[in-house]
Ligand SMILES: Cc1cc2nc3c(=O)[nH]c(=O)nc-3n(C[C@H](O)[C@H](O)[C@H](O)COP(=O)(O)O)c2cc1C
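Starting off, we have a lone chain in the form predicted on its own, written out as structure tokens.
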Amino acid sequence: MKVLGISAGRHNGNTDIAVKEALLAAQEQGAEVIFINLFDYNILPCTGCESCTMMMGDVAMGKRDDYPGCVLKNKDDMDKIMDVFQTCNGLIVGCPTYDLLPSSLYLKFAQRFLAYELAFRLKIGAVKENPNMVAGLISVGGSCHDWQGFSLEALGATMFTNSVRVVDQYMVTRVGRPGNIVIRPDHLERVHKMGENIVKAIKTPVEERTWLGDPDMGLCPNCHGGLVFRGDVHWDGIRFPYECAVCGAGLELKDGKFVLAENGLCRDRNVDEARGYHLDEIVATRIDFMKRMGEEPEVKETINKYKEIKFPAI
């Protein structure tokens, strides 16, 4: 068992302490543990070049034989981290919350994940097997839930790209100064339990793994996220009454609670095959756009119009 702890907080601050406490518990249960702080690595932001999805799409369509990876892979430390990341059985991810969301450092790291999207690489044969990783997520903030409203959900939304199943998550509240968490034994006990839960999940057969966090957490019965919205029409016509913004489960409201709708897991982002439909969507959208670019001169003319518009900058 190998468990990787990732902290996006300041060195030796509350996030570091929380992740290390969870790793101690995993180590006590027999796991090999690794700890990294993202401040120690050079991570370039995603440029939005689309090379990763375009090249994976080309492999899927038989237009090229292989996928070489992210165009930034030799320019920073992302590949070095991901080479270890993708050999682990479990993750403990800790991140401070400054303004309702995870920190920009963590998001810069996680938004590079698309180039390593496991479902896409499985679909095109670049990866042969899902390592079935599990994760525990920790958000850390100086106030209560009202000032960490998107933190855990945003962290959860970054896990699917590598087919990591979140089995536990916890919000550390009211720890405004570095080291504040050490006078909150309730927080330390809970993240210690998370480390134990990660090892328990690793030891459980994949098909039998379940949610191990607080049973009444969140609104979604599938991922326990707290963000639900009215369903809209998907690109292929599917529509649910409600959807979980985190895992994509289709939901309906019964007796004041959200429950899975009929066929509600067909877009569950925890499932590689369901997430693989997104590559189909990307490819279909690209084909349609390129076709119209070739057939409708006004499309290119309109794009050029915006290229030529110049406004004063700072």
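Remember, predicted model here, so these are calculated numbers, not experimental data. In case it trips you up, residue 1 is the first one in the sequence shown, and so on.
Below, we turn to the form predicted together with the named molecule, even though it does not appear here.
With the partner omitted here, the residue from Gly195, Pro102, Gly90, Gly141 that has a non-hydrogen atom within 4.5 angstroms of the named molecule in the predicted bound form is Gly141.
Although the partner is absent here, Lys300 sits far enough away that none of its heavy atoms falls within 4.5 Å of the named molecule in the predicted bound form.
Gly156 falls outside the set of residues with a heavy atom inside 4.5 Å of the named molecule in the predicted bound form. Proximity of Trp147 to the named molecule in the predicted bound form: non-hydrogen atoms within 4.5 Å are present. Contact annotation for Tyr98: at least one heavy atom lies within 4.5 Å of the named molecule in the predicted bound form. Only one of 20-28, 286-294, 301-309, 6-14 lies within 4.5 Å of the named molecule in the predicted bound form by heavy atoms, and it is 6-14.
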